[in-house]
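To begin, one chain is listed below as structure tokens, in the form predicted on its own.
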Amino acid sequence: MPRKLSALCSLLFALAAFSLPSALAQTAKPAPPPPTYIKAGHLFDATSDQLRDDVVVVVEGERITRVLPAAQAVIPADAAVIDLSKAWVLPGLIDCHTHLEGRADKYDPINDVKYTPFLGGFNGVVNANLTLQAGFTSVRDVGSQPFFAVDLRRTIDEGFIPGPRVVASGPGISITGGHGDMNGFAPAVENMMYPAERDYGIVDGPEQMRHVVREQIKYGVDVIKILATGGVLSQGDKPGAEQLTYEEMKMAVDEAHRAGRKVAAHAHGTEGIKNAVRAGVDSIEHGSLLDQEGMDLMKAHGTYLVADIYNDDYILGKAIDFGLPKEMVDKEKTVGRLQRENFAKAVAAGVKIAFGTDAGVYPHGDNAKQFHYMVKFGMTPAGAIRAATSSAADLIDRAATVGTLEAGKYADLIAVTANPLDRVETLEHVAFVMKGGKVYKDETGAAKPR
């Protein structure tokens, strides 16, 4: 071998030998975090309606790796321990119907043209944290300006702000002049102030629906929200009135399901509910005027009912002080009582129920106040809790990662200081919140180093 070539080979070999440890160091996986051992005095894991006593939940990083009886757990002397042995531990709660940009102290419709979209962003930062502090570690945001919920989801997932896991929709898809349109204003005002939401939320006909659903998916939504009937908190329509046609809703479902997204249908009115179920939607939101035929259809199709049966109290009380227009108050009076009565009938009939509150219509952070009404109108405490854990996770298509306390799931869990199966209102004050293995609230002192 020529001398120059031999010298070059030697140099290359030396460089490779020098750089190899550095390359290996760069590719080596970081050591897994040491496990945290959570001592749960009483555990409701949401896989059944029963409590388990004296359980240890082992968390490594963001995930649960083991759930085992305390008698079988070997906890190293220097391990990180969270002692909730005097508490009741549950999965993080899930609210399937929220509006995180909304504020319950601003009801005047003129607010839509007084403020810029940035206000919703500021609201969302505060409301996301309030929701997490209340023990709701996952939510489905079903209707906001484009594409607020998508950006909020990303910002929370990046760890930039605290908040729940967000399953994001775009603006609810409405007909022209329907529940989601900007009614009661002059055309000049509407054209100046509302173009973005009209572009992504107003359709007339199946082909427009196809386009808008595809547009929303393009911009990152997890779920499609359609407005099948009129609503309460809108001008110029009636809650029971049909709006979207069956053909429009069927197009929304076909396009969404093809892309792996579910569809939530705002539907108060009887016929609108039934047409939405026939079209294949995954959940009926509100369901105020649901009849027996609608219940039978929902059972046959496996459609969830997400009924906001708490906020009637707030709408007919404090909201009036904040300027809720008389038209909306009168509409709530016509449907609020019927909604609760039909919810009770749906529970008795065996319709699938998922927890959803319409947070934003009432103050964020008060989500758990709905549990009282779910039990009052027919559910057991365990059934109501499962509606906000395992059933909710199934509806939002996140059952593989949240909703129960099992190995492999995210370490999203809460604790309360009394038995929620005896008194479900206990969940209105959560003392401990963990999301993804990180403690966000601890009023118990349980997370202090051992």
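Predicted model only: the values in this text are computed from it and were never measured. So that there is no doubt, residue numbering starts at 1 and follows the sequence shown.
Another form exists, predicted in complex with arginine (ARG); not displayed. Remarks below refer to it.
Between the options 311, 98, 127, 303, the residue in contact with arginine (ARG) in the model of the complex by a heavy atom within 4.5 angstroms is 311.
For the options 82, 232, 132, 263, the residue carrying a heavy atom within 4.5 angstroms of arginine (ARG) in the model of the complex is 232. Comment: 264-272 is the region of 147-155, 168-176, 205-213, 264-272 lying near arginine (ARG) in the model of the complex, near meaning a non-hydrogen atom within 4.5 Å. Contact check for 286, 315 and 332: all three have a heavy atom within 4.5 Å of arginine (ARG) in the model of the complex. Within 4.5 Å of some heavy atom of arginine (ARG) in the model of the complex lies at least one heavy atom of residue 336. Arginine (ARG) in the model of the complex comes within 4.5 Å of no heavy atom belonging to residue 248. Looking at residue 282, you'd find every heavy atom of it more than 4.5 angstroms from arginine (ARG) in the model of the complex.
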